[in-house]
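Presented below, as structure tokens, is a lone chain in the form predicted on its own.
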Amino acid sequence: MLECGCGAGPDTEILLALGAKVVAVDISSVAIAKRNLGNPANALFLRASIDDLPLRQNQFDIVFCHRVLQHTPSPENTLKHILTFVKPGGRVFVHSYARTLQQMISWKYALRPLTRRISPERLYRIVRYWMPALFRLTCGMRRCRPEILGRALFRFAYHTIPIRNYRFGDQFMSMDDDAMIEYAIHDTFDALSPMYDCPISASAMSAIASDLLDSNFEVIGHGGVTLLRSTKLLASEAA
């Protein structure tokens, strides 16, 4: 398996646990991923750009790219490049943020022309300073009565107020407000700080895959993400 953009190794850990042999690539140092995972024998860590991989094409059973494609200078060109490393009959799993109207008119993309000009250190200080007040504001909107009004206001806030507030998600109910504020600080900073953030449309993803893949695939949208993934073999293919 070729993992395009391994970062600190969270997905690599899961892929290895599932039995994969992984070539994990990242443009930044892979030393942290190696250290986090204990430099496992069935993983090879390679520092390289996924726009210019120093590997033989058509060699991998699976090409995997999760939470990376939209952070490249040209997601379409990057997708074309990484798909050339799938061997005939191979499989893919590629994730991108969705390029939908709802996604693109959110506060994140309205603010990014400004925040990209701010140093990461200063941007982090700004986010940390304002987060407690914005957290309390959005929580107050969610608790408005009647319930339907609170939900509508919170949804409006999600798209207009610059905060990632997950206070009312079921999986976060056990966390106190201090922990949720820390979570919101880091996720909001993560939304505003990348040098590149250009979601690829589902139609463009499908067209590129149609040109380069010889096996069945589907492109699906779910919330704010678009996924390109291989589907099960047909009986004729299996034969």
Ligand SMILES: C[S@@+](CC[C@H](N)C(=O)[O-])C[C@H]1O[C@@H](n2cnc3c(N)ncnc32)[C@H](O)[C@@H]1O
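All residue numbers refer to positions in the sequence shown, first residue = 1. Just so it is clear, the model here is predicted, and its values are computed rather than measured.
There is also a form predicted in complex with the named molecule; it is not shown, and the following applies to it.
- Checking 174-182, 59-67, 32-40, 209-217 against the named molecule in the model of the complex, the stretch whose residues place heavy atoms within 4.5 Å of it is 59-67.
- In the model of the complex, at least one heavy atom of residue 6 sits within 4.5 Å of a heavy atom of the named molecule.
- Contact annotation: residue 48 falls within 4.5 Å of the named molecule in the model of the complex, judged by heavy atom distances.
- Proximity of residue 28 to the named molecule in the model of the complex falls within the 4.5 Å heavy atom cutoff.
- Not displayed here, the named molecule is kept clear of residue 108 by more than 4.5 Å at the level of heavy atoms in the model of the complex.
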